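One chain is shown next in structure tokens, namely the form predicted alone.
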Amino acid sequence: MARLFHVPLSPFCRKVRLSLAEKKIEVELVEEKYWEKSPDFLRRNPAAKVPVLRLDGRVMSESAAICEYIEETRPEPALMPKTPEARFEVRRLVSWFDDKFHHEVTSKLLYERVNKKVTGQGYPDSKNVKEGARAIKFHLDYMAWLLDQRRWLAGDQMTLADFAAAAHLSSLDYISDVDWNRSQVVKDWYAKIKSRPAFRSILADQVPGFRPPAHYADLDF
């Protein structure tokens, strides 16, 4: 069985979990306190970051590379389109959420509100929280613009781009940092993707000291 060393609210771990679940790959989840940098974990990934996936006799790190490996070795159901142009768009959007969105939003909200407390790094920086709350509006508007033209973020089929976005937004939704009333088309997209069986384990996550809002696991929110 595959084994994933993860943190429940990490969007990078959630992206890998969604890919594994969509492909129906059974996986054992092991919560890893990566900030403690245990010798065992550093042997798995000297970068001291999650996720780390053990699959096919390999130990793999970096979520984008892991998801590409899963796609190449388990191509069905497909999370990448067939044409080079369409695959480029998926990769562009995955990078958008894992780089730009993460830097401007996730690190300013989730990391300040949750990670600092969990890792014992002190209290949230109010300036960062305000910046993240302002920046997420731009990103939701950008998603709405994409979804006004497409069925899914990268085109007419659900792809890894949707999982990357949903991984970040679901983590932020756990701490009530997403204004779902800002865009009906984005809210409808999220309701559609969170209703997939692949999302079930993510919606069941519980983080000690933090209680998700009532709508978090509601498929008809």
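All of these numbers come straight from a predicted model, not from anything done at the bench. In this text, residue numbers run from 1 along the sequence as written.
Although it is not shown, the form predicted together with another copy of the chain is what the next lines describe.
- Shown without its partner, this chain lists R92, K116, R134, R151 as candidates; in the predicted bound form, only R92 has a non-hydrogen atom within 4.5 angstroms of another copy of the chain.
- The partner is absent here, but in the predicted bound form a heavy atom of A47, alone among A47, V30, V185, A191, sits within 4.5 Å of another copy of the chain.
- Checking 159-167, 172-180, 58-66, 191-199 against another copy of the chain in the predicted bound form, the stretch whose residues place heavy atoms within 4.5 Å of it is 58-66.
- Another copy of the chain is not drawn, but in the predicted bound form it has a heavy atom within 4.5 Å of R87.
- In the predicted bound form, another copy of the chain sits beyond 4.5 Å of every heavy atom of K130.
- Using a 4.5 angstroms limit between non-hydrogen atoms, D99 touches another copy of the chain in the predicted bound form.
- For the chain shown alone, T73 is a contact residue for another copy of the chain in the predicted bound form, at least one non-hydrogen atom being within 4.5 angstroms.
- Counting a residue when any of its non-hydrogen atoms is within 4.5 Å of another copy of the chain in the predicted bound form, there are no hits in 154-168.
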